[in-house]
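What follows is one chain in structure tokens, specifically the form predicted on its own.
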Amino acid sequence: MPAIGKSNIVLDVINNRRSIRKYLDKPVSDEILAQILEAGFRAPFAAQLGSVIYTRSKEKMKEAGIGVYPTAPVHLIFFIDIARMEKIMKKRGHEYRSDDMFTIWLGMQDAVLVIENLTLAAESLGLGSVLYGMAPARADKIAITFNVPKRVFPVVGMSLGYPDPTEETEIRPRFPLEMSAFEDEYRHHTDEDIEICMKKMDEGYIAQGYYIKSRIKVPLGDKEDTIGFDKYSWSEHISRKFRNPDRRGDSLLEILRRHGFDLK
């Protein structure tokens, strides 16, 4: 598919967005934060099964098990929220009897759409953000710290604020479009396709020196690590992340059950 040459403000915001890990010592006003949150909840939804808790307290985030970047002024946790819907149903005289797994699936859609809207709204107002993906594994601590009831479950954490211009943050590569977007039917990727995907990501990350600068490396544990940071690539990093399903402790299924979800 050929690249589209036209540009506009919205596309510029989307295409130039990158994760921010260093922020100015500049507060985010209540008015700006409310504007960003309002835009977040203008997203399309299945049943408004998403909620967010926000805080300016790094200590509360630490207590909840989420380590945040120290200069970030505002922190958020996004949730699938079935508890609120059940209360609405009770008010109408109905009893919830749906399949929790499917409702969670719808709630995930609602939550991530809010997250994307909010992320872009923040960018459009000159703020930046970074996501924390381990929130589901920290659900027990999050529930205690933020007084979260059963059947409300964290999806992802986020920090946002005004980017420090002294931090050099590059826009990370993505798979070629034709490897992710398919017309009429799924593309069954050949070995050559996979090599193209890996080449685009790996060469981009290595050229940017991403892992050399960040010093991030997933340990192998069961065998010798012979790859230095100069050769450590995105495909190696993401493969290591998914090779050991037990590295995060309890399974997500067990955690969800502890938080009141009926998953057989």
Ligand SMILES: Cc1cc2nc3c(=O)[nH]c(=O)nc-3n(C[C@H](O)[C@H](O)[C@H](O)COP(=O)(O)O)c2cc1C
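Residue positions are given as counts along the sequence shown, with the first one as 1. On a predicted model such as this, the values are computed, not experimentally measured, just so you know.
This protein has a second form, the form predicted together with the named molecule, left out of what is shown; the following refers to that one.
- In the predicted bound form, the named molecule sits within 4.5 Å of a heavy atom of Y132.
- For A83, no non-hydrogen atom is located within 4.5 Å of the named molecule in the predicted bound form, even though that partner is not displayed.
- Although the partner is absent here, Y69 is a contact residue: one of its heavy atoms lies within 4.5 angstroms of the named molecule in the predicted bound form.
- Using a 4.5 angstroms limit between non-hydrogen atoms, N244 is distant from the named molecule in the predicted bound form.
- Only one listed stretch (71-79, 189-197, 99-107, 132-140) carries heavy atoms within 4.5 Å of the named molecule in the predicted bound form, and that stretch is 132-140.
- Proximity to the named molecule in the predicted bound form holds for all of R17, V156 and R172, with the criterion being a heavy atom within 4.5 Å.
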